[in-house]
Each structure stands twice: as C-alpha cells, then as structure tokens.
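Below, in structure tokens: the form predicted alone, a single chain.
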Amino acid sequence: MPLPTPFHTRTAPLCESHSWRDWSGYLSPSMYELSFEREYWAIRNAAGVIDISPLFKYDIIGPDAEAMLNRTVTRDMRRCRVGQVFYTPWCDETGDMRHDGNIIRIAADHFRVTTADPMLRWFEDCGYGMDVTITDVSTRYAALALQGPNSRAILKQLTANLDLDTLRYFRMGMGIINEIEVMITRTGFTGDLGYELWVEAQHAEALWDRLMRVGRAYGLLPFGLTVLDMVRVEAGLLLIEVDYIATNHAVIDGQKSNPLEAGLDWAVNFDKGEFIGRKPLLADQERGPEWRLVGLEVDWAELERLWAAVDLRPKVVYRTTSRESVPVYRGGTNGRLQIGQATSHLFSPLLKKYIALATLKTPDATLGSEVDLEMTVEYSRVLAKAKIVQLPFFNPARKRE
C-alpha cells in the first residue's frame, strides 16, 4: 500500500478529487480539484506547488565523490562548481540510458543525486573500491517544487538571507524559512521560472503552512501529477519509461535509447575521458545516431479539417497528456512509411496547438518538414499533418532570467 509523504497531512484535505496515484510507493495527488484547469493556469500565470518528496535522493560523499560520478555520468562533473546543479543522463556499458537526474554539488566532496527510480545499488557498484560513501537519504528529506512566474516573489517573502535575484538557473543556495534551514535550487520540471525546496522531513508541515500563507496573495495553488505531465511536455522534458525506456526495464534491445538519440547530446562530454558507455556512444556519434527526438505540432486548422470530415467540431482528443505511443509516417496514405512514434502528446491550453514528443528516424527528423501523426476521430484512425519543430515548445525568458 502506498505510504503518505511528509506533506500528506496538508495535501490530503485539499485533494477534493480524491484522485491519487502511486509515485514510487507514495501517495501523490493526481489532481486536487475535479478539473485540471485552475492548477494548470496557476503554473503558467501565477504559481503552483507540488510535493516531489517521492523522488529518490542519494548523498555521495568522500575524497573520490567527484571521480566516482565522473566515471558514472555523461557530464563532466569537474566543471560542476559548489552550489551548482547539473542535469545528466548515465548509461550502461552499451551506451544506452540507464537513467537521468539532477546532481547538486553541496561541497567539494559532497553531492546529492535525485532520481525517479531507485539507483542505490547501481551507484554502489560504480563506486566500488573508491573512497566514497553513498547514502540513501530519500526519507530524510522532503521536497516541494514551487513553479511559475510568481515563484520568486513568493520566496522573497519567505527568506531574507538568500539573494534570489542573483540565484542563477540551475544553482543552489541555503535559505532560512520560519527558522528552518532549506536548500533552494532553481530547478523544476515545468519549463517555467521555478524553485525546488529541500528540507528535513520533520519540518515539512511547517514549511508547507508558511508557503501557503504567503503564497495565497500571489495566486499560489497546489497541483498534481496530471498537470505536471502536461507542462513537462510543453517544456520538452523526457519522462522515463514513456519517452525513453531505461536499460534495466527494456525487454528487447530495440526499446533502448542512448543520450544522442534522446536529444541529450549536449549533456555528453566526450572530452572528459573515460566514463561508462563512452566507447559505444562515441562510435554512434561518428556514424550518426539512428533516431532523433523532435517536437511535433498540429495546428487548429488541421484539427478542424479532420473533424469536418465527420460533420463535427474539433474535439481536443487528449485534454491531458496521453502516454499512448502512436505511429508517425511520411508519404501520406499512399505508400506511407512509418518513421517513428510519438510518445507523449496533448492539446496545449497555452499554445493552442496539439503537440507531441516524438522519436523519428534521423533522415526524416529535419526541422520544418511535414509528417503524418496518427490520431483517432470518431473511432477511426486518421492522419494529421504535423510539423517538426524545435524543442522546447514553451521556453519563456523568465525561466533563466
């Protein structure tokens, strides 16, 4: 049975929908209200907060902590300064992705890694024989993600000892909120201005209460996993076991993806020396990856055309994110050829377009070109004209400013 998080006494009374999901063994609200709209628009127009305590958290400490991580992940951890956060994938010996996550450098010899899946045994194996201690601190710390254009203004009312105007994107600082020490990272999974707050679990309720009292004047609302799944697609962010299959979950080799195929080539530092999976990744880079991650857009006029064929107004097929993989073709109905699949797709309320994350054969993944995305109209499968676009779909300047 799923367990309550340290914030459950606060989130449960607010969950009017009684819609819960199992997130890594913890109860997590899917939606607080009966509809997602207010939660969605709070993130994009004001501020939203979500309990992210179910994330796994590992402290990696010791003289060899940097070296251990450098041999494990694809980013060059020597470039990660104290107070900086690196997003990075890591691979197995074949160069295929085992997982991805954020790494916070707390001190010269102290890192904290956050992941969606349990990774303790893998990190222990990677650090075997090295002067490093790897500790699972998942239950020691609770965490909230405060996201949206008003998130900075809210935090300024909560902590006076940290200059949030100078806390840069993917940086970390220590703040005091209600006499509680809180680690604040300028990170998130929404593609918007946002922060993540990390606190010892016994202080979770006090942090929530203070945050909600101050945030009320700024339009702050709690949001659940349904809306998080929507905004992360708009932000072009991958979800494990949806947009890529981790090597330890893949049943056949064809299900696996490497970082180059997943659009994460920018996060692979070949010049840092050896790391797990470097040789096969380097070979794939030299010959060119078989697949590419792209964005697809279907505009409203195309939706009107599809529904007009059955004398109906367009329906937004998936008002929230669909994780059902659907084929992508080129060549139309005559002699069409499947060139890939869309893995996460929805009608974006903000962008007013149907959008999708898709993995396509590299020769067919040219930006600006047109492909056919399979959709369902009145129980029939039809092809919608879609345009290949640059990710992310939504990328406001405030995210980095």
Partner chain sequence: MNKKYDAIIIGAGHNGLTCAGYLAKAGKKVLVLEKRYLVGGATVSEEIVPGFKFATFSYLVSLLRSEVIHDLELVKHGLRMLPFETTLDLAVNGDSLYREPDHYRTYRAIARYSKRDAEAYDDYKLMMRHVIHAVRYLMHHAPPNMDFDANPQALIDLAKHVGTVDKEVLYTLIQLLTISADDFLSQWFETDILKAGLATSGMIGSMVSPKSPGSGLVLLAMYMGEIDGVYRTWRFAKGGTGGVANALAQAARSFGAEIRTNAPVAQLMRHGDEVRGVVLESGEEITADVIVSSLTPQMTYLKLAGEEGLPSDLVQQVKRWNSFGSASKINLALDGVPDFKAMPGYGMHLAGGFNTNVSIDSFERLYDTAKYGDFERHLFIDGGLISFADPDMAPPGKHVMTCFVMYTPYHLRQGTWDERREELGDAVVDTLEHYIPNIRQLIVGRQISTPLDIERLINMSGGNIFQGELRLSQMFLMRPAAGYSGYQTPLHNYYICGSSAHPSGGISGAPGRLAALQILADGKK
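Residue numbers count along the first chain shown, from 1. Bear in mind that the values here come from a model prediction, so they are computed numbers and not experimental data.
One more form of this protein exists, namely the form predicted together with the partner chain; it is left out here, but the text below deals with it.
Given a 4.5 Å cut-off on heavy atoms, tell me which of 57-65, 369-377, 338-346, 43-51 is the interface stretch with the partner chain in the model of the complex.
Contact-bearing stretch, as computed: 43-51.
Considering non-hydrogen atoms and a 4.5 Å limit, does the partner chain approach Lys361 in the model of the complex?
The answer is no: Lys361 has no heavy atom within 4.5 Å of the partner chain.
Is Gly219 part of the interface with the partner chain in the model of the complex - any heavy atom within 4.5 Å?
Yes, contact at 4.5 Å.
Do Asn150 and the partner chain come within 4.5 Å of each other in the model of the complex, heavy atoms counted?
Within the cut-off, so yes.
Does the partner chain come within 4.5 Å of any heavy atom of Leu312 in the model of the complex?
Answer yes; at least one heavy atom of Leu312 falls within 4.5 Å of the partner chain in the model of the complex.
Counting only non-hydrogen atoms and a 4.5 Å threshold, tell me whether Glu33, Arg38 and Phe394 all contact the partner chain in the model of the complex.
Spot residues vs the partner chain: full contact, yes.
Considering Asp131, Glu93, Glu304, Glu241, which brings a non-hydrogen atom within 4.5 Å of the partner chain in the model of the complex?
Contact residue from the list: Glu304.
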